[in-house]
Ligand SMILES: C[S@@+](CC[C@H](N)C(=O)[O-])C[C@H]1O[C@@H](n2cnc3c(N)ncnc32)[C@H](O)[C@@H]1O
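This document opens with one chain alone, in structure tokens, the form predicted on its own.
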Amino acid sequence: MQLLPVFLDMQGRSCLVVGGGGTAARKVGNLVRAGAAVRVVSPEICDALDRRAKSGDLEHLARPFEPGDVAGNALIIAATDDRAVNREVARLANEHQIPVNVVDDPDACTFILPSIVDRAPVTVAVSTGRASPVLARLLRTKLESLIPAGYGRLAELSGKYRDRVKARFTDQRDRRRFWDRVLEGAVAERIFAGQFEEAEAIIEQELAPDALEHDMGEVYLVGAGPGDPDLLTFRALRLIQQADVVVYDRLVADAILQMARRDAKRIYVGKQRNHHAMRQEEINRLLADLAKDGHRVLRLKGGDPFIFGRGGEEIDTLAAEGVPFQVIPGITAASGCAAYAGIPLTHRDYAQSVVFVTGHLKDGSINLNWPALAQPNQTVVFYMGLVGLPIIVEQLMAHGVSADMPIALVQQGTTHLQRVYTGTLSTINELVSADPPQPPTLVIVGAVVELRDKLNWFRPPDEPVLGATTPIVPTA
């Protein structure tokens, strides 16, 4: 290591900052958050520092730096735009053996301030050893996305129970197993979901003399979005990577499935027309049984689990069985596919409302409220509408929608297989017959489709390995 990473206790300790600009303000912000008693020396200070001075966060001495300012400080920062002044501050600080940081002058520093991920009391500091501050900030940004804000609460809770855990488990290995269960299991997930009382209740159960070694698992009902892995939420990614068992649908992109742990068991329960790998009732039962066996179960569903995803049915069973669960929304196909196709679902000049409906056939017909769907100035999105497209077109025109109404079909939207078919109600069937799209295909009806020519931005990559793919490409 070029530098020794340390965390200094600055609570109530005097710190000197020489300089009053924006850079000094950023340094002061970190010192104030650490509880330091900050004194700023500068003839003038920026608005941010002025606000802090008025609120009592710092003391401002409105004059140039003087040698006597150095003595009595625990830490000094030189942040003026005058290199000579900064170097003089550093020289005097070294004479007094006080740690000093000089902005944009690494050779004059005895310490550097790293890029910080603040999840108090959890703090993560990133340094490149003076080589590249920009790279340190980029790494911090990546860590920000991987460390939920709830880790601070989790650390506080761990500190609260630390002595009791030590008394309960005299063997160090037993303590480590306990904290592994707490910090990676149900307690952590309750904290991240804001269920603090439940989190404490679980710890109390774990600490009981007659506690079982393994408690019940949990089900994560996660929306995988329409295909592109970049559209996953941070929370979804974290749960995907910690699950023991993955129960996944047909429309989950393979690239997303590969994000799960290599040792996680994978169970395919996908459905396609006239063929179900597992009936819905069996899926509901499977999820409950796996969780009761102590597994962390990832129920991975394409799109959003609560929009034509039967997520409500699955958690209804879990709730009745007393199985803990949480729901992580995903970008639904209507939103994701429309965005990647360059079709805004609403627009002040074209549509003031949008309706999501299922075009899934039942008994050879589509039972929908056609008069409501034929209203002007709205966009209608049909999920699973490819097979029933002729009926959709026929019924919309029969209920007053113009034959010239624009319509779009988005094949496997957001993936490298995306194709967009556009036409009108009077022409779309002929286009589809001449060049049949591959499901899953979303149907969008409305004047907003006209905007695609202007707003189309996404170009699927030519090489399949560069995009997301579905694990099974349905044939009909």
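Each residue number is its position in the shown sequence, starting from 1. These numbers were taken from a predicted model, which means no experiment stands behind them.
Separately, the form predicted together with the named molecule exists; it is not shown, and the next lines address it.
> Could you tell me if residue 304 has a non-hydrogen atom within 4.5 Å of the named molecule in the predicted bound form?
Yes - in the predicted bound form, heavy atoms of residue 304 and the named molecule come within 4.5 Å of each other.
> Test of understanding: in the predicted bound form, would residue 40 fall inside 4.5 Å of the named molecule by heavy atoms?
Residue 40: no contact with the named molecule in the predicted bound form.
> Taking 4.5 angstroms as the cut-off for heavy atoms, does residue 309 touch the named molecule in the predicted bound form?
It does: once the named molecule is placed as it appears in the predicted bound form, residue 309 has a heavy atom within 4.5 Å of it.
> Decide whether residue 332 counts as a contact residue for the named molecule in the predicted bound form under a heavy atom distance cut-off of 4.5 Å.
It does: once the named molecule is placed as it appears in the predicted bound form, residue 332 has a heavy atom within 4.5 Å of it.
> State the residue from 240, 392, 251, 187 whose non-hydrogen atoms include one within 4.5 Å of the named molecule in the predicted bound form.
Contact with the named molecule in the predicted bound form is made by 251 alone.
> Heavy atom within 4.5 Å of the named molecule in the predicted bound form: which of 337, 300, 297, 78 fits that? Just give me the one.
By the 4.5 Å criterion, the partner-contacting residue is 337.
> Heavy atoms within 4.5 Å of the named molecule in the predicted bound form: which stretch among 408-416, 43-51, 25-33, 422-430?
Of the options given, it is 408-416.
> Which of the residues spanning 436-451 lie within 4.5 Å of the named molecule in the predicted bound form, based on heavy atoms?
Heavy-atom contacts to the named molecule in the predicted bound form: 440, 441, 442.
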